[in-house]
Structure formats: C-alpha cells, structure tokens
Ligand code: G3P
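This document opens with one chain alone, in structure tokens, the form predicted on its own.
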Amino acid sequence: MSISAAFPLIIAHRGASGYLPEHSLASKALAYGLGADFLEQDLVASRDGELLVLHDLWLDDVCDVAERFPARRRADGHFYCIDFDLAEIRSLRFGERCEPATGTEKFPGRFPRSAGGFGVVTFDEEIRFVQGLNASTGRNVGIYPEIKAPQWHAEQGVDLTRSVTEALDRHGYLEPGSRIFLQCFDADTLRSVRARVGPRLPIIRLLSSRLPVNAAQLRDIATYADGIGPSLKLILRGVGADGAYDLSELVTQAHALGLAVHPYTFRADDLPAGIDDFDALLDLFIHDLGVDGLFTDFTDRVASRRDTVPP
C-alpha cells in the first residue's frame, strides 16, 4: 500500500457533515475545499441497481420519503432504498438527519432542514465530481467507499460487492497507487475482494465498539486487509475521575502487524463521555497515539490541529 500524504490522513466522514447535510454534493465540495485527504462514500443499492451515496439502508431519517411515498413503508416501519428506483429517490429532498417520529434534528446546531433541501448523489456522479475537482485544482484527493450491509443486499438479490468493485474498475481505481481505501464491517466480504482483486486495492476492516477485537483477530485481519477502522471507543475506553485516559493497546497492536489505524468518528459537537475539549481529543489521537487517519465531520478542525504541536 502506498498512500502518501501528511499524517494522519483526514477522512471527511460523509463529507463536511458538521456544516452541511451528510453525503450531499455540497458537503463533499466543502470538505474538499477544507483540505480533506479522502472523501467517504457509504454505498447502498436502489431497486434498479444504482449505487447510492447514502449511509442507511432506509431513507427515513434524511429525507421527506414518508410524506411523498407513505405506502412504501415496510412492516418494520422503514422506507428502504432498495424499494425505490433512482428516479423516485431523486424526487425526494434530503437534509440534516432527524428523528422521523418527531422531526427533531440529531445535531440541532448544524445546517437546519428549514434552510433548504439537497438531492441524492450516485457513486458514479460523486467519482466524476471528485476527479473533476482533482483535475481543476491539481490536488489528488481520494475516495473512501464503504460496502454497506453486503449480506443484507444479497438477501434482496443484489450483489453489492460486485457492483462496487465494477464501478471502481470502470473509473480506474483498481490501478496500483490509486487514491482509495475500500471499507466494510464484513470480514468475508473483504476476504473475497482481496482474493479477487489482490493487494492493489487498499482494504480497511471496520470495527464496531460493540465487538472488541483481540490480538488473534487482528492477526487474522492482517491476512486480508491493510488497516482497521475502529470506533474510537475501542481505543479510548473512558476517562477516570482524575482525568486520566483509559486507553487500550489497539493502536500499538495493529501497528505491530503493519496495519494502519483509521478510527471514527471525531465530532466537535458529540464528544466521548468525560471529554470536554475537541482539540484535546485530537491531540491525544494525533500526537500521542499516532493514528494514521481520522474520520471526522469537521475537516477544518482536524486539519488545523494536525499541524499544531500541542503544549
């Protein structure tokens, strides 16, 4: 793997989502301008096989689908992307994430829904957008797609992994040295990608805070991936009454195996329990722990802290 840039890499989590609605093209443009090294794309499928840049399998939390298509709700209460054609999804207006039942926005201090709506973006469209910006600016910002719930998609009759890798091949991202990481929570999916594509596609295994990883599991991950994307809670387990950090050995263990570490998600408006200073949190992970990349909603805040030597 050869991804050269200043370290740690700044991965724009769903774009500049601290300032504009997640996965909107405006959010990606702002993150690009604020200095992101990579832009993240969560990928799910529509009914007609399009790859949509959306975080959830369902549409409920981020758009007006309940108003526009009330009869499409499944028995579990969700409106699934897979039940809509791209043209139908394009008719929806997307905005800040909210609680569908109440309309309460998850992050009240962010871009308000009342300020206007945004449209969905396909993976092909976003790739062309990033490549266009790279051409016009002379920069080389990468993409960081996630295959979302591949087993669930398979149950719906969709081979999401194949669709994603074919899109990457179509746009030149399977060429050695391309600015890309491919991420997924599912180990079997990543093993199959590595077996089919080989080492030229950098792979990151995502790790949930609900499933702590041990040394043996890390050794297994190193057989098919180039790094891990752990919840930051797997590294920072808490803060003691005396203010001391309770830190795991995950970063050290991963680095000993040659694995990069890209923890998620660093939000200035959603700090871990016991932390009241975003800059102090960044200093811990950047300067003390030496992680290789960070997923963040606030690209500019991380960029300024990355270049600052803490006291």
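When you see a residue number, it is the position in the sequence shown, counting from 1. It should be emphasised that the depicted structure is a prediction, and the values quoted were computed from it without experimental measurement.
Here the subject shifts to the form predicted together with the named molecule, a form of this protein not shown in this document.
Enquirer: My question is simply whether Leu190 lines the interface with the named molecule in the predicted bound form - judged by any non-hydrogen atom within 4.5 Å.
Expert: No, Leu190 sits far enough from the named molecule in the predicted bound form that none of its heavy atoms falls within 4.5 Å.
Enquirer: Does the 4.5 Å heavy atom contact test between Asp42 and the named molecule in the predicted bound form come out positive?
Expert: Yes, Asp42 sits close enough to the named molecule in the predicted bound form that at least one of its heavy atoms falls within 4.5 Å.
Enquirer: Look up in the predicted bound form whether Lys148 has a non-hydrogen atom within 4.5 angstroms of the named molecule, and give yes or no.
Expert: Lys148 belongs to the contact set for the named molecule.
Enquirer: In the predicted bound form, does Val141 come within 4.5 Å of the named molecule, counting heavy atoms only?
Expert: So Val141 does not count as contacting the named molecule.
Enquirer: Report yes if all three of His13, Gln183 and Tyr264 come within 4.5 Å of the named molecule in the predicted bound form by some heavy atom, otherwise no.
Expert: Yes.
Enquirer: Pick from Leu206, Val121, Leu201, Leu160: which has a non-hydrogen atom within 4.5 Å of the named molecule in the predicted bound form?
Expert: Of the listed residues, the single hit is Leu206.
Enquirer: For the chain seen here without its partner, which of 59 to 67, 34 to 42, 242 to 250, 282 to 290 has a heavy atom within 4.5 Å of the named molecule in the predicted bound form?
Expert: Stretch 34 to 42 is the one.
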